[in-house]
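A single chain comes next, written as C-alpha cells; it is the form predicted alone.
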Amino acid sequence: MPPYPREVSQQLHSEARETAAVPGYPGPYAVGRYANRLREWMRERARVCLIGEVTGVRIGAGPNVYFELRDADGAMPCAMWRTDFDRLGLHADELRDGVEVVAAGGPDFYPGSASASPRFAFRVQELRLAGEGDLLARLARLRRQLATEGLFEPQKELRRPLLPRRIGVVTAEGSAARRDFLAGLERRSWRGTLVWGYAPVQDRRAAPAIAAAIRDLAAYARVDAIVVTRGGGSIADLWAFCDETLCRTVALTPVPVISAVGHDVDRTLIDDVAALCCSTPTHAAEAAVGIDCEAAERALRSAAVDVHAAGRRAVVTRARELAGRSRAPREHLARHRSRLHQLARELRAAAGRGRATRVDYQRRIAAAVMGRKAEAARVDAARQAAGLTARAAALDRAARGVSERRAAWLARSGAALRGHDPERTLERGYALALDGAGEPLTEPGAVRRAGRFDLRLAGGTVPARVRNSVDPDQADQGRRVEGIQGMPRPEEADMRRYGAALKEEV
C-alpha cells in the first residue's frame, strides 16, 4: 500500500489549501480531515478472518477489549467492542495469552484528537477459540524436557545465605524493576555490595545477554546470590525468559539464582529452574536478604545490653559470696562436718529400726497368708472330690443313653434301606427288562422295538425276545406284551399289583 492511499488523495485534492507544499506531493491537507477520510477508507476494506495466537490481553472496564494476534511471520493489534465480546459468552479467563483464535473483522483506524493518540487496530466482530497456540505448546514441551533431564532440582539444592554480602542483579538499566528492587533493599536496611549486570529483557538479543550476565556474575563477581528481574507483560514479552539456553545456564550456575520476572499471574520457564521464584522485584529483595537488618541490629544491641547487665550481676553476686565465705572457712567446715556426722548416726539408727520392723511384719503376714491358703486348698480338694464322683456317674448314664439311641437309629435306618432295596422287589416275582446297553425298558413300545432284551430276575438274568411284534403306531400301546420267550404273559391285575407295590416301596 502506498504511503498515501490514492482514493483519499483524490477526495481531498479539491480541499487543499494554496500554501507552500513539498514539490511532487499533493497537499498539504488538514490532519483531522485526512485522518477521518483514512478511517472511512480503511473501514471500506474487505472483512476477513485471521487465525493466530493471542498475546497481551487487556480486558478492563472500558468499552474495548484489546489483544494482539501473532504467528511466526508477524503480528496484528486487535480491538473488540466489549458488547460484542460479552455477546459471545466467553469468560474473561478463556481469552488468555497463548490461546489460538479465529478473529473475523477488518482494519480500523482511530484518528485520535488533540489529547488522544491515534491508533490502528484490526476491529474484531466475531471471535472463535481454536486451541492452544504454538508459544504455549513449545513452552510445555520445553518444560517437560527440562524436567525429564532433572534441571529443576540443582538450583533448589544450593544453600542461600541469610545475609549475603554481595548480590548480583540482572535487569534492564533504568527500569522500574531496578527501582523496586532498590526500594526493597532499602526497607531491609541492607548495606552490602550490589553488582549490576545490565541486559535487555525483551527482544531476540535478551536471552543471550541475560545468560552472559549470569555467567559473568557467577564467575568473576564473587556474589552470594543472583537476582534476575523485570516487570510484567504478555507471554510474548516474557518469552526471552523461556529460552532453553538461558534456562540451562541458570540450572547449572553454582550460585543461587532468584527469579522475579513479571507478576503473580506470569509464569516463565526460568521460574522453574531457579532456586527461588518471586512474584515481584520487591519480593525478590526480601528473599535475597532474609532478615531485616535494622530490626536485627536493634535486637543485637538489646541482647548485648542484657548480656552486659547479666555479667555485672553475676560478678557482683559471686564476689559477695566469696567474701562471705572467706571470713570463717574453718568454722563453716566444722559446723557442716558435725551436722553430717549427726545425720549419719540418725540415718543408721532409723535404718536398723525400719529393717527390724519390716522383717517382723513380713513374718507375721507370711504365716497368716500361708495358713489361709492351706485351709482353702483342703476345702477346695474335698469339694472337687465330691464333684468328681457325681460327674463320673453322670458320664456313665450319658454313655449308656447314647449307645441305646444309636442302636435304635441303626435299626430304623437298616429297615428303611431294606425296604427301598430293588432286589426285594425282584424277590416278590417281578422282573426288569433291560436293552443291550443295560438300560431299562419302561414302555411296551420300547420292548417291541428292541426285539431282543434281557430279563433281570431275583436269581439272575435270562435272555428273551418278542415273538409277535405289534406296530408301534397302533392305538392300544398300553396293552399286554405278547410272545416273550421264557416268560408267562403278565395279566393286567398283576401289573396293577406291581404298580401298587412300587408306590408302597417309594
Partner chain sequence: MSTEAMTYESAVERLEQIIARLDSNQAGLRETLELCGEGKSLIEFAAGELEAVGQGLEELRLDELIKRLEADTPPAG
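Positions refer to the first chain, counted from 1. Everything numeric in this text was worked out from a predicted model, so none of it was measured.
Just so you know, the form predicted in complex with the partner chain exists too; it's not on screen, but the next bit is about it.
Have a look at 102, 142, 195, 76 for me and say which one sits with a heavy atom within 4.5 Å of the partner chain in the predicted complex.
Flagged contact: 195.
Identify, from the list 307, 395, 370, 347, the residue with a heavy atom within 4.5 Å of the partner chain in the predicted complex.
Only one listed residue qualifies here, and that residue is 307.
Is residue 361 close enough to touch the partner chain in the predicted complex, meaning at least one heavy atom pair within 4.5 Å?
Result no; residue 361 lies far from the partner chain in the predicted complex.
Give a yes or no for residue 283: in the predicted complex, does one of its heavy atoms lie within 4.5 Å of a heavy atom belonging to the partner chain?
No.
Taking any heavy atom pair closer than or equal to 4.5 Å as contact, tell me whether residue 216 reaches the partner chain in the predicted complex.
Yes.
Does residue 173 make contact with the partner chain in the predicted complex, using a 4.5 Å heavy atom cut-off?
Taking the distances in the predicted complex, the answer for residue 173 is yes, it comes within 4.5 Å of the partner chain.
Out of the stretches listed (380-388, 116-124, 176-184, 79-87), which one is close to the partner chain in the predicted complex, meaning heavy atoms within 4.5 Å?
The contacting stretch here is 176-184.
Neighbours of the partner chain in the predicted complex among 161-196 [non-hydrogen atom within 4.5 angstroms]
Residues within 4.5 Å: 161, 162, 163, 164, 165, 166, 173, 178, 182, 189, 190, 191, 192, 193, 194, 195, 196.
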